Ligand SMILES: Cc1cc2nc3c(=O)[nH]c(=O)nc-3n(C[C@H](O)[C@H](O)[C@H](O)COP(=O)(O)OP(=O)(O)OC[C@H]3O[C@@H](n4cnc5c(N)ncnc54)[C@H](O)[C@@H]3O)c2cc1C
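One chain comes next, on its own, written as structure tokens: the form predicted alone.
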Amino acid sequence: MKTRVNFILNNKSIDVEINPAVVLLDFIRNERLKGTKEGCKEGDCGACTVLIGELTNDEVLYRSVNSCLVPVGNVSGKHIVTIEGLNQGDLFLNPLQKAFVEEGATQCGFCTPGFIISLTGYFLNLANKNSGGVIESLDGNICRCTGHNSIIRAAQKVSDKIISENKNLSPEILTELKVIPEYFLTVRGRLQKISQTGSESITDSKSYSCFVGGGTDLFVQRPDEMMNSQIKLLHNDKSLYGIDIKEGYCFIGSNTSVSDLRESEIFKRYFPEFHGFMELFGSTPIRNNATVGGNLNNASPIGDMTIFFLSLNSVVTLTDGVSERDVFLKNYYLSYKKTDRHKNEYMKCLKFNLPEGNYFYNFEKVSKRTYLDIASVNSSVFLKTENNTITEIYLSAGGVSAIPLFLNKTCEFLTGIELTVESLNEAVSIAQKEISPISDARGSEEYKRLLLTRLIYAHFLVLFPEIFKTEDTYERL
């Protein structure tokens, strides 16, 4: 299977027929751009980080991604920036590179391109009024020899200087400051001339062996299989993007990324704590590329997004391109890694009732590392109360069953129950009967049972500190 892909690689226009499952990292290095390094090839080290620029509302928005996990078929109509694309002349150091030299932030240099690319993305996003902190922008990049303190100093130093001297950053100002080359100012017009309808299939098939969203798991677990399969890239289908409100529902397109959710004004309004919860989901480059559809259809028993949306009693809309059908997410997972999705179906969107009234929600996760790690056990809860009585509740748990688990019997018990320590203790006992954890690399069965107990308690301690706050309460818990 081959696909025609058109995009801009640094300042060069690319038009090529290629297997769409070739990862971007391999394509870049085959183009003799060796600054982008191959380290773990699993999205953990950041040595292969590049920027992907895409037209959004007539502006080019850039995000950092791990090129080792991006199929080249997903970059049609976009601008790819490697470390070579920031060069502005022989022996010339831009302000970011200069700060790294001054602070001794590089040693062997293997990881340095990834850090510089991520920092560049930070300033480009800052110019578009869409960015977190400068240190946050570096997460997902690892240095094994210099130590991170000098890198943090360099990043903070250049950020403080640029921001203090330029109150209103723009791509034009960034070119004047030599942070980016002048050709960046021509990219918008060039992308407008590239077809935005997606990649053109040269050898296609009506029956696909795999549907691919962001690819952040598929290209870790099954890269060789992807290269030899008839895959359908969903990433270029613009109808699968977006977060909208219609008739009391929130609709999330399956191609919507985790970063899109974190930046969504809708989520900030209805779930203001969601941004913090998703700091526990991968790194910035992974969040920029991982999609809602990919995470849910991966069917991992410990998928963070899956556990969160289970607690919103969400519905999955599936389509085969002709007809559609809805399935409650709590009924979607049949057994380990098996869903109710038919062979030629893919996820169109996810939807849930917009919360109103006196509602509460919380997400908890335990992993060996706080950040950049997979959960041992995770859990999420959504509930409504009236006069300290639960009127509606949805409670989910991951890592305690072969599937992402909706705790149906526990929810049935808690509905209509007054919030007390006694009722919570009984609910935990019921939950223990609903789960069936196994001992594995992330913990023993006993440990996972203990974790879920503590996470359920944690939900209520966080959400109702006025009820669950006294020393007596803690002793009884």
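Heads up: residue numbers just count along the shown sequence, starting at 1. All figures in this text were calculated on a predicted structure; none of them were measured in a lab.
From this point on, the text means the form predicted together with the ligand, which you will not see here.
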Three-residue site Glu364, Pro437 and Leu451 fully in contact with the ligand in the predicted bound form at 4.5 Å by heavy atom: no
Stretch from 399-407, 184-192, 216-224, 267-275 whose residues place a heavy atom within 4.5 Å of the ligand in the predicted bound form: 216-224
Contact of Asp373 with the ligand in the predicted bound form (heavy atom, 4.5 Å): yes
Partner contact for Tyr394 in the predicted bound form: the ligand, 4.5 angstroms, heavy atom: no
Heavy atom of Cys210 within 4.5 Å of the ligand in the predicted bound form: yes
In the predicted bound form, Cys411 touching the ligand (heavy atom, 4.5 Å): no
The single option of Glu31, Glu54, Asp44, Glu426 touching the ligand in the predicted bound form, heavy atom within 4.5 Å: Asp44
Of Gly73, Gly121, Gly114, Gly282, the one that lies within 4.5 Å of the ligand in the predicted bound form (heavy atoms): Gly282
Partner contacts for 315-344, taking the ligand in the predicted bound form and a 4.5 Å heavy atom cut-off: Arg341
